[in-house]
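One chain comes next, on its own, written out as structure tokens in the form predicted alone.
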């Protein structure tokens, strides 16, 4: 399809929320990894993560809390917004969707649309693209919620996934802004559904009693049918092959080198992998911020979480041209070049409640 351009949209605010429970990987991985633990953590970059395990907290709770924090810090009135988008692969229910209940919790007008986008790690650029188009068509601000809770379906006995994933939610406001610079998007869809999959999670291979039993695999890992299965090498090859090319197409469309961007924001999947992408594109140091050491891979919300964690002051103080790319399940890539700031940033807040939606 080629590079897509949107004119007249802007990010109007951003925030993130994580659970209170922090997992220290140096302790968590001792039994499974033994003497290889520190080398594994150096490669992945994930030192700590946040989990909702043990409490009835979902991605909806975390995203709604992020949105309420942004409202409190900025004065947004969601009843005046033109719509709500919710990017998640871990909804409260298959039916009804997350967006409709978040719509109610946050005080949206009943005359505004609310829909879910069932994307995994590549979902944030998709969300920005759709939110931008909605903002332009309605002439109003759109609330983009993006978050996941991975901890319930990550086996602590799986060497491929046990140290990588965390939980978190984010909120981003996108609105019409005729004076803003253009946004550019590039998307890649390969169509692989075997290399990164939760096997017993839908209607193709339904959950059964056997789905709850652990099976042992050749590398010594143990997983249930309801746990995430990842072919790490296949995912790595997909990312290093497709993400740099996607970003290069954006740079070519804008006629810019890496020096034309303030920051490169990559999905926080694996530090070694994303560092290779950044090096290939000649981004380093402060222009390549990461949050993976503190939060791990929270899924499609990881780019917004990185903004809130590492760039809060910059977002509030100035406009930055940001190049971003997210990638993952389905072998999907979403890349974007957008302007962020100056706008409200509520940073990263902790979810205070214990049983969901109690502190929105």
Partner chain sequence: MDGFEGFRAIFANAVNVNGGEGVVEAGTRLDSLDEWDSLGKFLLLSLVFAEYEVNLDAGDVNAASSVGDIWRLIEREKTLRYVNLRLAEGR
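None of the values given here were measured: they were computed from a predicted structure. Positions refer to the first chain, counted from 1.
Another form exists, predicted in complex with the partner chain; not displayed. Remarks below refer to it.
Contact with the partner chain in the predicted complex, defined as any heavy atom within 4.5 Å, is confined among 169-177, 260-268, 101-109, 277-285 to 277-285.
By the 4.5 Å heavy atom rule, the three marked residues 36, 159 and 232 all count as contacting the partner chain in the predicted complex.
Only one of the listed residues (219, 194, 77, 252) places a non-hydrogen atom within 4.5 angstroms of the partner chain in the predicted complex, and that residue is 219. A single residue from the set 89, 273, 188, 130 has any heavy atom within 4.5 angstroms of the partner chain in the predicted complex; that residue is 273. A residue is said to contact a partner when one of its heavy atoms sits within 4.5 Å of a partner heavy atom; residue 153 fails this definition for the partner chain in the predicted complex, lying far away. Taking non-hydrogen atoms only, residue 240 approaches the partner chain to within 4.5 angstroms in the predicted complex. Taking non-hydrogen atoms only, residue 236 approaches the partner chain to within 4.5 angstroms in the predicted complex. Contact between residue 40 and the partner chain in the predicted complex is found at the 4.5 Å heavy atom cutoff.
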